[in-house]
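Given next, in C-alpha cells, is a single chain: the form predicted on its own.
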C-alpha cells in the first residue's frame, strides 16, 4: 500500500529508485525545488510503508505569454505534467494513475482547459497508459528530445504532445483526433 502526499525538499535524496528508469528525465536539484516552491500542490509523491519514494508527479499551471495570444501555437490556461514516474517494483499497482488523477483534480479546481504532457514517441507503454486515461495525441514535436532512448545512432527523438480535456473544455476545443498528422518544431512549443 502506498501513501500519497506532497513532495518535501528532503525527498530529493529518495528519488533515485524512480529516476533510474532510462525513460525518466532527471533534472538538476534546483529544478525540483522550483516546482516545489511554485506549484507545491502539483508535486506529489507516493511512498511505501518504509518511507521510500516509489513514485512521483511534477506538474504546473501555465499559459503561453500574452504576446503569442494570436499565434496558432498559443496555449491557454492549462496544467502540464512535467514528470510522472513509478519505481520498477511498484509498477502496475495503479500508482501512476492515482498520481495523474490527483493532478487532474487540481487542474479542474484551477479552471484549466486541459492537462498536457510530452512523451517520447517510442515509449509505447506510456502512450498506451495515457490513452487509457483519456489523453490523445495533439501534435508531434519533431526532435524534441536531444537524445534517442532506443537507437544510439540517432541524435534526437520526437515527442507526442498529449492532452486530456478538463471540465472547462466542454466543446473539446483543445484536443484533436488526428494529432499524429500535426507536426511542429520545438521552437513552436512554449
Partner chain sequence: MSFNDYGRMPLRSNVDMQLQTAFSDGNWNAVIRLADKRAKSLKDPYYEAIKICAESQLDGAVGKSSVLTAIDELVRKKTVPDIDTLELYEWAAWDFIGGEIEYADTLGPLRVRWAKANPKSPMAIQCLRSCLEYWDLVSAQQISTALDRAYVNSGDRRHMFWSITLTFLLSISPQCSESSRKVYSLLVLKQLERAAEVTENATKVDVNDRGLQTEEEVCLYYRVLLANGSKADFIKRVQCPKLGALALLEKGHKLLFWESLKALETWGEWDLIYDLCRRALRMGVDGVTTPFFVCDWLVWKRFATAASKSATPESALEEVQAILRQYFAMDIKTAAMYKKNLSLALLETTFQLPGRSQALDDGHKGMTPRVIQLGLFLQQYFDKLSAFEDVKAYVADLSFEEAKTLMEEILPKLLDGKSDKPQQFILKSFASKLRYLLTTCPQTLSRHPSVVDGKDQSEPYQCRLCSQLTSFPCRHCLKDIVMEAACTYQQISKDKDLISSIPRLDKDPRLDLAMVIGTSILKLARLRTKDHSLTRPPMRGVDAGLLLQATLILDTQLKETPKDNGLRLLLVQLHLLLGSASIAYQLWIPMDVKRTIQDALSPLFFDRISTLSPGLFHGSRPLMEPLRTHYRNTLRDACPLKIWEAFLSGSYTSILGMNEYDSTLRRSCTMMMSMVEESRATRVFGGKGDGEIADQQLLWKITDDTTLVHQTDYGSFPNLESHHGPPFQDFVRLGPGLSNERSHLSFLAEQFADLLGYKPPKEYKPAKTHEAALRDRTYTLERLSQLANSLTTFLHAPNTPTLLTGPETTYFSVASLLASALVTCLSTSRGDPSPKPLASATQSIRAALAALRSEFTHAVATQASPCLAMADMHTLSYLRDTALAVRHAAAFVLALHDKELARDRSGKSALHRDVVAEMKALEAVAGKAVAEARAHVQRTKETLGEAGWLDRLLELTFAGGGGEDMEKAVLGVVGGDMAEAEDWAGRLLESWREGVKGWVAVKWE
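Only a predicted model underlies this, so the values are computations on that prediction, with no experimental measurement involved. Residue numbers count along the first chain shown, from 1.
Omitted here: the form predicted together with its partner chain. The next part is about that form.
In plain terms, the part of the chain that comes close to its partner chain in the predicted bound form, with a heavy atom within 4.5 Å, is 36 to 44 out of 158 to 166, 36 to 44, 123 to 131, 137 to 145. Taken together, the three residues 6, 49 and 93 all lie with some non-hydrogen atom within 4.5 angstroms of its partner chain in the predicted bound form. Contact annotation: residue 182 falls outside 4.5 Å of its partner chain in the predicted bound form, judged by heavy atom distances. Within this chain, residue 173 is remote from the site of its partner chain in the predicted bound form, having no heavy atom within 4.5 Å.
Although the partner is absent from this view, residue 29 contacts its partner chain in the predicted bound form, with a non-hydrogen atom inside 4.5 angstroms. In the predicted bound form, residue 10 approaches its partner chain with a heavy atom inside 4.5 Å. Annotation for 8 to 27: interface residues with its partner chain in the predicted bound form are 9, 10, 12, 13, 14, 15, 16, 17, 19, 20, 21, 25, 26, 27 [heavy atom within 4.5 Å].
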